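Below you'll find only one chain, the form predicted alone, shown as structure tokens.
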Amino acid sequence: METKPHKFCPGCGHGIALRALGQAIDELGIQDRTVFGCDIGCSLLAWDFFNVDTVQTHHGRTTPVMTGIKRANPDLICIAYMGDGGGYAIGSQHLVNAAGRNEKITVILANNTQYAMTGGQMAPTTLPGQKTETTPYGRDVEWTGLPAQGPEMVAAIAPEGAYVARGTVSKVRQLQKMYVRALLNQIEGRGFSFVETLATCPTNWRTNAEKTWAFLEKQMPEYFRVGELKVPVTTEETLKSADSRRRPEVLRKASRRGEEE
């Protein structure tokens, strides 16, 4: 699948996350029936990144738009891509209800702990004590509550058949594997798929390369545990149910790589 240089700031995690997503789409050979929906915020800069059918939605409405497309044409592979606000703030009700209904779509959410597009304000994912434009003395959980733990919430309310995970752009191979499994879950029609992706934002974190990576790899995972939280089927069961249209030879390759890791 062809792409082009991204428009994100230097060091931004969106570019890495999108590369992993593009490789997952390529690996499964589903480009011709994939629809990519992006939210308002930094995620909107991905609107012309892939040569797949793409729709840009109103803020927080990517999940219901992709749900509608999927219901209208179940053969399509629908991906909703968004940031913290699009999923956990203005779009939280859509995330909750789509998960509860077990909609057959894949939602990918980039968590960089703040609202990046508008200058770095506090978001639902801002860590306790973290300084932002609207929390200059650090986030006070007594006033603002604790950071949202989206995958844990989705895993708790989604029925059996849902796939829920949290990855990080610091572990790209693992992240790509999660995207592949999330897409496979949709392809097999098993249920809702959700992958939160821990991402970097050195521009608003005001960090150099060393401190950016340290925040991503050391501080964020202390609160946001990386891993799979809800897995509906084993890889072998998926392989047994795959037919020729779903390229089982590619799925077996994905399975072997997952086992090696």
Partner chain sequence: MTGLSESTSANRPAARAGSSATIPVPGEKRVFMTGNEVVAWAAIAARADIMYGYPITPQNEVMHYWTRLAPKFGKEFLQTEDELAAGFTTIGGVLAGKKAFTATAGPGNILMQEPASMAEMMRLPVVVVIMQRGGPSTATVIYSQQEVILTTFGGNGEGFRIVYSTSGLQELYDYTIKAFNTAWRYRFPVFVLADGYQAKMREPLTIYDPLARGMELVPPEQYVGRPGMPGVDRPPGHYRNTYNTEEELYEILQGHVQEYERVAPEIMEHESLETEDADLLIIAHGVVGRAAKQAVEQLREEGLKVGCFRPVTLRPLSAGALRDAVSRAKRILVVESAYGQLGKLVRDALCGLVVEMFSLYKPGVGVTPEEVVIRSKELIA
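Numbering follows the first chain given and starts at 1. From a predicted model like this one, the values you see are computed outputs, not experimental measurements.
We do not show the form predicted in complex with the partner chain, though everything after this point is about it.
Counting only heavy atoms and a 4.5 Å cutoff, which of 151-159, 88-96, 123-131, 166-174 contacts the partner chain in the predicted complex? Of the options given, it is 88-96.
Sort through 226, 28, 216, 52 and report the residue having a heavy atom within 4.5 Å of the partner chain in the predicted complex. It is 52 that has a heavy atom within 4.5 Å of the partner.
All of 138, 211 and 220 with a heavy atom within 4.5 Å of the partner chain in the predicted complex: Looking in the predicted complex, the three residues 138, 211 and 220 all stay beyond 4.5 Å of the partner chain (heavy atoms).
Answer for residue 103 alone: is it within 4.5 Å of the partner chain in the predicted complex, judged on heavy atom distances? Judged by the heavy-atom cut-off of 4.5 Å, residue 103 is in contact with the partner chain in the predicted complex.
Is there any non-hydrogen atom of residue 230 lying within 4.5 Å of the partner chain in the predicted complex? Contact check for residue 230: no, nothing within 4.5 Å of the partner chain in the predicted complex.
Indicate whether residue 202 is a 4.5 Å heavy atom neighbour of the partner chain in the predicted complex. Although the partner chain is absent here, residue 202 would stay clear of it in the predicted complex, with no heavy atoms inside 4.5 Å.
Can you tell me whether residue 146 touches the partner chain? I mean in the predicted complex, with a 4.5 angstroms heavy atom cut-off. Residue 146: no contact with the partner chain in the predicted complex.
Listed by sequence position, which residues of 34-52 have a non-hydrogen atom within 4.5 angstroms of the partner chain in the predicted complex? Result: 35, 40, 44, 47, 48, 50, 51, 52.
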